[in-house]
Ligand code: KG4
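The form predicted on its own is given below as one chain in structure tokens.
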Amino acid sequence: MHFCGIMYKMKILGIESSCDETAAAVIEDGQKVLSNVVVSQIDIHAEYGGVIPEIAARSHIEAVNPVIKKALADAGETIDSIDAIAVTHTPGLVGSLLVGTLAARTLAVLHNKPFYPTHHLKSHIYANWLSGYNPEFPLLAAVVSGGHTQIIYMERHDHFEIIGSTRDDAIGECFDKVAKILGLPYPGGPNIAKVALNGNPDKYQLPIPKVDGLDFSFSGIKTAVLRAVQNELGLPITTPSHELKEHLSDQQIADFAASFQKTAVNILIKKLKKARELHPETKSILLAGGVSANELLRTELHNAFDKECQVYVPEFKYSTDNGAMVASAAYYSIQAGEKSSDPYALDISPRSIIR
């Protein structure tokens, strides 16, 4: 806690259930990870090719209490020894958010704990403070995930200015859709990255969308891949995308995956370079969100900016949804002056802008 400029030790229980991971963690002072428990539903949703909201919510109901219990046990703590509770309340799937927030609210009420609702994208940014990292301000954060693609400028802790955003698909969503075209399983991001290792990234030249300013557009790339595949196979454009995989060789799939991945990463790096030019005072550049796990993106980010400023990427285990990032984000919000919320009055929101 923080009173009159004096910092006190603080252990926060963070709970995350915005999509298809049920997660809880105990974090000390925003950086020290005492425990981090994640139960993923990827195997459940893989057969459907994407997340089914109703199934996700039911799975959260089954997992949330055991996950919280294990997070406390792994940290050597009890709910009574925890200083505060933080939970993702926006954005996300309605049913999934309800499960996590209800669990967190109940614990806060029963044990009279300070309660901090936390924005999901803010949490992803603060994954870069875990493991003892200390990004210096002002900074630029590229939030890249299945639902979001944004460039956020931060002058200080808990200050977020969106300076670039996608006008259509998020980059992670585009990875998933291209994976479907190529007949690769869900989730698309890691599977495209895997097969791309055997592909030629220069085999197919895909167009770079011309979007003014720092905004993005990814829907056109998905269509460009579809048309390129149809053209490569000599099939009419009316051929359904789900039938294309039957005609593609493994090498063709690898080449298309590599070419798409290179194009998507180049778009992100190009926009970040422009953002850095507009904000030359920037001292750190961060990656955040599930797509931050992409190895090519990490490599190209370092290649582009290592000589200009500090580059931070979260550890792979903190790139995807987890409770540790939620607790870290809450900690720095508290240091910035955020007050405890009323758990009785909390409302979730499937969509909201980071503020």
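Counting begins at 1, following the sequence as shown. These figures come from a predicted structure and were not determined experimentally.
One more form of this protein, predicted together with the named molecule, exists but is not displayed; see below.
K.L.:
Would you kindly say which of 220, 95, 138, 190 lies with a heavy atom within 4.5 Å of the named molecule in the model of the complex?
P.N.:
Contact check passes for 190.
K.L.:
Identify which of 293, 37, 64, 33 has a heavy atom within 4.5 Å of the named molecule in the model of the complex; exactly one of them does.
P.N.:
Spelling it out, the residue with a heavy atom inside the cut-off is 293.
K.L.:
Consider residue 117 of the chain shown here, and say whether it contacts the named molecule in the model of the complex, taking contact as heavy atoms within 4.5 Å.
P.N.:
Although the named molecule is absent here, residue 117 would stay clear of it in the model of the complex, with no heavy atoms inside 4.5 Å.
K.L.:
Quick one: does residue 314 come within 4.5 Å of the named molecule in the model of the complex, counting heavy atoms only?
P.N.:
Result no; residue 314 lies far from the named molecule in the model of the complex.
K.L.:
Can you work out whether residue 320 and the named molecule are in contact in the model of the complex, taking contact to mean some heavy atom pair no more than 4.5 Å apart?
P.N.:
Residue 320 belongs to the contact set for the named molecule.
K.L.:
Examine residue 284 and determine whether its closest non-hydrogen atom to the named molecule in the model of the complex is within 4.5 angstroms.
P.N.:
No, residue 284 stays farther than 4.5 Å from the named molecule in the model of the complex.
K.L.:
Using a 4.5 Å heavy atom cut-off, which stretch among 104-112, 196-204, 71-79, 172-180 contacts the named molecule in the model of the complex?
P.N.:
Going by heavy atoms within 4.5 Å, the stretch is 172-180.
K.L.:
Go through 121-156 residue by residue and record those having a heavy atom within 4.5 Å of the named molecule in the model of the complex; state none if no residue qualifies.
P.N.:
Heavy-atom contacts to the named molecule in the model of the complex: 124, 145, 146, 147.
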